[in-house]
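One chain comes next, on its own, written out as structure tokens in the form predicted on its own.
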Amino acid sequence: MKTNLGGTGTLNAVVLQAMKTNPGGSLSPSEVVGRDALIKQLWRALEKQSVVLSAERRMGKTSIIKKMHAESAGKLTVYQDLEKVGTPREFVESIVESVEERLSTGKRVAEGFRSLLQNLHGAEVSGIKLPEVADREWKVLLVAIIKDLVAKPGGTVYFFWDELPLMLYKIQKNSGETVAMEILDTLRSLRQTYPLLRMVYTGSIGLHNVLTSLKRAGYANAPINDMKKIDVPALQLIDAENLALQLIMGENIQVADPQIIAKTIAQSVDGIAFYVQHVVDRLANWQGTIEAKTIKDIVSNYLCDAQDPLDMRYFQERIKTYYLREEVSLAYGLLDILSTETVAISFGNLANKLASRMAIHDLEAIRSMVELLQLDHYIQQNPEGNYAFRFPLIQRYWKLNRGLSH
């Protein structure tokens, strides 16, 4: 079912395709709404250099790179989900598997890699599973498989690596900081060696979290200073409204004014597609009249639901996982203050309010934490230099869950 919304309003002359809700599920490329301009920007950036794609969790990074991979006709692209990878050998194995799936034309596509592996192993190796020799020789094998790949005719090779920061975090824990550093340095060296090689890093934890941890262990290199950093924002409200309308149509939800309901949904969840999906999914089972107040009540109920269907608890748990123990109370203190503010406040005002709650011995530590909270997309600074939560919805949750008031 297609609808052409004409007439007045922001949704003028937009053709919409009905879709079923799928909150948290894997979306097909056609279900990724409102990202065409960003994808065009990413391809333009990739003409010149590799990219670090950053965003808060649930912003749709995975859906974006999957769409780019699926719609990359004429380009040689490799998509990998590295979430379960925890060792360098598993990393190389995953590349070999993805390359053979993507490029296989009836013969092995990595003859140089296979020959090197056979020499190291002393016997022919069949299948994807690498022998134990790969545990210590992973670097030469990684270089060999990439060399084989870029040597194939077909132009630029694009690797879309989802959850690469999480893989590095696991490798750091399993094999030590030095191995994680070597992987980052090797990947950078490969980019410098092969002009037709591109990499896209993205994941649910920020790469800066891993790099900060490695720097504490003595890592002095800058492994991504040759890569362009691009942020994935929430959807434009018009695109979030379009998404809500398509889902309302697909679920056959009867409302008096679909455009008003769609606009209310988009505004209530800050244009975040994941939350739009959840709200419409709840509407599909709603008994009774649906109006704008219904949407606001649904969102409010989500925020205080002990089952946490929106996975909001993650915003607190992440700090305990990736920040140093002595940083946690500082991060919580700053976010507690900002969650109760109705307008953005200056750094000086923020520091003074924090000093009234806890002993402050180092103003620079506060500055560093404010910067880290910005990198982790909790807060943002406006052109006047003042700070506030980046997303009002997350601010509401933080204030509610922490039991805070003015």
Partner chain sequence: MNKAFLSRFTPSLMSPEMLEAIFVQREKLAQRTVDQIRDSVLTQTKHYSLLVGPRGIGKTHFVSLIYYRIKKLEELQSRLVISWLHEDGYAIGSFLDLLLQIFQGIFEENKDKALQEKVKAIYSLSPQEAEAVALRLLKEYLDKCTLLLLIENLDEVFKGLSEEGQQKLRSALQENSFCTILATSPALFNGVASQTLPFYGFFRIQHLEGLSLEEATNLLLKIAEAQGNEDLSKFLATGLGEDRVRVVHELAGGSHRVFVVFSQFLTEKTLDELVNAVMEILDDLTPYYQARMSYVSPQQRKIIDFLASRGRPVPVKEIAQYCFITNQTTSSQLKDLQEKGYVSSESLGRESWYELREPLMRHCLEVKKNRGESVRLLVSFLRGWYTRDELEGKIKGLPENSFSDREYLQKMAYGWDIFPQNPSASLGMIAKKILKIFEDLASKEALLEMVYWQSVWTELGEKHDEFQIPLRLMNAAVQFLKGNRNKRALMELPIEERRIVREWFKEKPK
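Since we're looking at a predicted model, the values are computed, not measured. Positions refer to the first chain, counted from 1.
Although not depicted, the form predicted in complex with the partner chain is the subject of the following passage.
The candidate site formed by G333, S339 and Q374 is entirely out of contact with the partner chain in the predicted complex, as no residue has a non-hydrogen atom within 4.5 angstroms of it. Mapping the unseen interface onto this chain, S54 falls outside it, with no heavy atom inside 4.5 Å of the partner chain in the predicted complex.
In the predicted complex, the partner chain lies within 4.5 Å of some heavy atom of T62. The partner chain is not shown here, and in the predicted complex it never comes within 4.5 Å of any heavy atom of E291. The partner chain is not drawn, but in the predicted complex it has a heavy atom within 4.5 Å of T21. Partner contact region in the predicted complex: 307-315, out of 291-299, 207-215, 307-315, 138-146, criterion any non-hydrogen atom within 4.5 Å of the partner chain. Among D239, E177, D270, E163, the residue placing a heavy atom within 4.5 Å of the partner chain in the predicted complex is E163. Distance criterion of 4.5 Å from any heavy atom to the partner chain in the predicted complex singles out K129 from the list K75, K229, K129, K152. The partner is not shown here, and in the predicted complex the stretch 360-375 never reaches within 4.5 angstroms of the partner chain through any heavy atom.
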